[in-house]
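Given as structure tokens, the chain that follows is alone and in the form predicted alone.
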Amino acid sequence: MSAADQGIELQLSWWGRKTRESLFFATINGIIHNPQGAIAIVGLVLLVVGAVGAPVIAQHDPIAQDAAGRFLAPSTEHWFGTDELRRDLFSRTLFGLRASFAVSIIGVAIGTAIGVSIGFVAGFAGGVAETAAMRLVDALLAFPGLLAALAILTILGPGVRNIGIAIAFFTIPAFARLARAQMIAEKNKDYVLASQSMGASPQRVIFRHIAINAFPPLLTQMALLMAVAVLITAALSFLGLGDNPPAPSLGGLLNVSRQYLREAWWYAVCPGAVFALLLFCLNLLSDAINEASSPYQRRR
């Protein structure tokens, strides 16, 4: 490579690095200064701290029973009250939230990695490879998320690990289609052509140059699908396909609480409020990311 070519490569590398840094910090700054984003971040931080620190924060063992404490109302000792087996509902809610976070994050992360890779490679390659990959993705899209999850759990059996596999399965098509659309929109732009003219490999072009500019819409999609994954995890636990009792889960708590709504209103209200707050924060965060990554909003 000549000195001139090396100089151009260094300029392109410097420009790409500065563009990535400015886009990243502009997006983060936009999320923080957006009231919706600030509320979502504060709420999610509190929920994550509660879930991760459940063994420390929880005042009682989530499966321990107290012979004198059946259906106790919320108090300083039992913040969310107790259930029909005299177990502390605050502790059970925290551990159930922990399980929902773990399953949803792992499932969405795996689905994102596979779906984005398929979409990027198919959009960049084009031709027969793109057609074959996208027809497979269209076939996966024919199954609604909850129905596909039920089918997978019927085959693999109930359990938290299999719920994560089901979530990964139904998130792959959404990310594949979005990544392909972003690739088609970006692959003929000047910065891609300049990188190719300098001899960059397809892998470098896809995952180092194009992926940076395609990332904001994918990040918005991740926040949205996290909310869907949490909802499906709770729905499957509600149907008895999650953790086996006495292990707590948000969906399981809401399912059992239906029988005791007149005796113990807090049984459904407290875990339900935590679940609703989680979904609310995830949806606020997706809106904030969408606004922060929009070129029109950044110009304003």
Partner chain sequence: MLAYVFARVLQAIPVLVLASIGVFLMLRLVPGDPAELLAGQDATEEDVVRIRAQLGLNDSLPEQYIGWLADIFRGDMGVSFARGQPVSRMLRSAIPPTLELTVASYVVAVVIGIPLGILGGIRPRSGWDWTLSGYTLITIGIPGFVFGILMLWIFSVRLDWFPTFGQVSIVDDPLSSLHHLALPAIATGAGVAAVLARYTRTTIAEVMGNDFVRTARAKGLTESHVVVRHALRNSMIPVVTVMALQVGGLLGGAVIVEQVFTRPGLGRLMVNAIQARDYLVVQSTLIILVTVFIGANLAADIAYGFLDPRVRGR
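In this text the structure is predicted, and so the values were computed from the model without any measurement. Positions refer to the first chain, counted from 1.
Below, we turn to the form predicted in complex with the partner chain, even though it does not appear here.
The three residues 240, 254 and 275 all sit with a heavy atom within 4.5 Å of the partner chain in the predicted complex. In the predicted complex, no heavy atom of residue 292 sits within 4.5 Å of the partner chain. In the predicted complex, no heavy atom of residue 197 sits within 4.5 Å of the partner chain.
Contact between residue 110 and the partner chain in the predicted complex is not found at the 4.5 Å heavy atom cutoff.
When contacts are judged by a 4.5 Å heavy atom cut-off, residue 141 counts as touching the partner chain in the predicted complex. Of the residues 102, 185, 212, 146, just one reaches the partner chain in the predicted complex with a heavy atom at 4.5 Å or closer; this is 146. Interface residue among 54, 41, 47, 235 relative to the partner chain in the predicted complex, by the heavy atom within 4.5 Å criterion: 235. This chain is displayed without the partner chain, yet in the predicted complex the stretch 156-164 from 156-164, 111-119, 215-223, 88-96 comes within 4.5 Å of it by heavy atoms. Residue 231 is the only member of 215-231 with a non-hydrogen atom no more than 4.5 angstroms from the partner chain in the predicted complex.
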